[in-house]
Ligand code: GLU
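A single chain, nothing else alongside it, follows as structure tokens in the form predicted alone.
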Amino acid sequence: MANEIRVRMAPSPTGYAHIGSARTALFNWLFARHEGGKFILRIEDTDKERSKKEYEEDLLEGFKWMGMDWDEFYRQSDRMPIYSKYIQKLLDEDRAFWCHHSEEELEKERQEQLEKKAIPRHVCEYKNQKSKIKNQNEERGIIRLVVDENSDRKIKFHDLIRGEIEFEERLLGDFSIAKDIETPLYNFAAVIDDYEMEISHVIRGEEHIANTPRQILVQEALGFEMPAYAHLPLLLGSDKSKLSKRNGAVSLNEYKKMGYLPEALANFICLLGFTMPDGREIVAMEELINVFDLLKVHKSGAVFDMKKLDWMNGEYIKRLNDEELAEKIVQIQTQFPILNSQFSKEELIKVMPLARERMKKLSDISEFGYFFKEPEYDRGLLVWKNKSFEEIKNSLFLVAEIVREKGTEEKGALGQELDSLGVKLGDRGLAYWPFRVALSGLKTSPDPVDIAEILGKEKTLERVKRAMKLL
């Protein structure tokens, strides 16, 4: 085992990078950076049918977006000769053998075991045949590791998060390690790579616990030293069920499109299974690196709460100044159709003070689209309570007179005049409601005085006049 801390993230490019992969990668990355070690990214693309380049590119882009850099990079598809060498070594030493049972035979065996409620395993008769290597080039066959079905040994390992874990060796059966000499399966290729890359700690999701005893047996057959293991808790939805697309398990790219900030998402994900020593929740990446402790990762499942993520992302948005926030929106503005109208960055900056406090994610800027294009609405929306169209029109006429006289730059002055108008009309809502709808086109929007200040005097008057023409 290398003295240096070396960890790896080993995703399969068979789908887009999701939040679970991001959490596993982040914990590996934080651990490596905290310990001054190396973070290795290894693409496990031996599944030729399901692996796609677009998925690999999505993984790389997603990890980079979240701020995770890697020290070494590998693809399993580039390492096939290495696996073949070790497969042949096990065959030559009679630690592995060719199994020639058909899929139909194996399926029949599985069904019989299910009916008897027996532990599913395959104890293969071919491992005891002297001719087991003779037919190794037959198309119908698979390579299995020799496992002692009569063993009373327990395979034990210490999980850094969960403590001692053990499995009965005899219950594993003669499990498959390769389809043929040139095509390794997951448990075999992972062991070879971890050894060759001198991985010191294997940090992965708890769904891989069942793979660990098989990987230990492969390590023993090849004389490899065992790395340290740490299995992360499951991610759960708000209803405590396994995380799915309906409660947060979407791709990293989707979170990017929705307007989440990478530093906020990383902060949120880190706290899914880890708690800051001082209990804080908003923590910069540099601080997370300094305090991250693998031994303090929780054992129980972590709840992925979208409301909590929205809150945290909103807190990060609030920390951006007007220009920084406007710049981030400009970078992804094509994702928001409401912003496809022509506007300048300077115009967007003017909106930021009003929008910032109300935004949970960058995509929320769509709710302020009325600043960049004329709002569309039915004239019925202008009506306040049971007031007539004539009363509404009269109110807008008086508001326009105030705007002409007072302008929009002095919010205090404009607000005072509107309050006085409300008293005069006998209903404050009659002064404010039609004015707000005329400017925003919405039932719910910020104070019309704030909107008018950003729009300016001329645009404010234009929209009020336009509203009056509907009445």
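These numbers come from a predicted model, not from an experiment. In this text, residue numbers run from 1 along the sequence as written.
The same protein has a further form, the form predicted together with the named molecule, not shown here; the description that follows concerns it.
Engineer: Is there a non-hydrogen atom of H208 within 4.5 angstroms of a non-hydrogen atom of the named molecule in the model of the complex?
Structural biologist: Yes, H208 is a contact residue.
Engineer: Consider R204 of the chain shown here, and say whether it contacts the named molecule in the model of the complex, taking contact as heavy atoms within 4.5 Å.
Structural biologist: Within the cut-off, so yes.
Engineer: Taking heavy atoms and a 4.5 Å cut-off, does P448 contact the named molecule in the model of the complex?
Structural biologist: It does not: once the named molecule is placed as it appears in the model of the complex, P448 has no heavy atom within 4.5 Å of it.
Engineer: With the partner left out of view, is E35 within 4.5 angstroms of the named molecule in the model of the complex by any non-hydrogen atom?
Structural biologist: E35: no contact with the named molecule in the model of the complex.
Engineer: Only one of D427, E417, E44, E56 gets a heavy atom within 4.5 Å of the named molecule in the model of the complex. Which one?
Structural biologist: So the residue touching the named molecule in the model of the complex, by this definition, is E44.
Engineer: Among Y186, Y377, F372, F167, which has at least one heavy atom within 4.5 Å of the named molecule in the model of the complex?
Structural biologist: None of the other options qualify; the answer is Y186.
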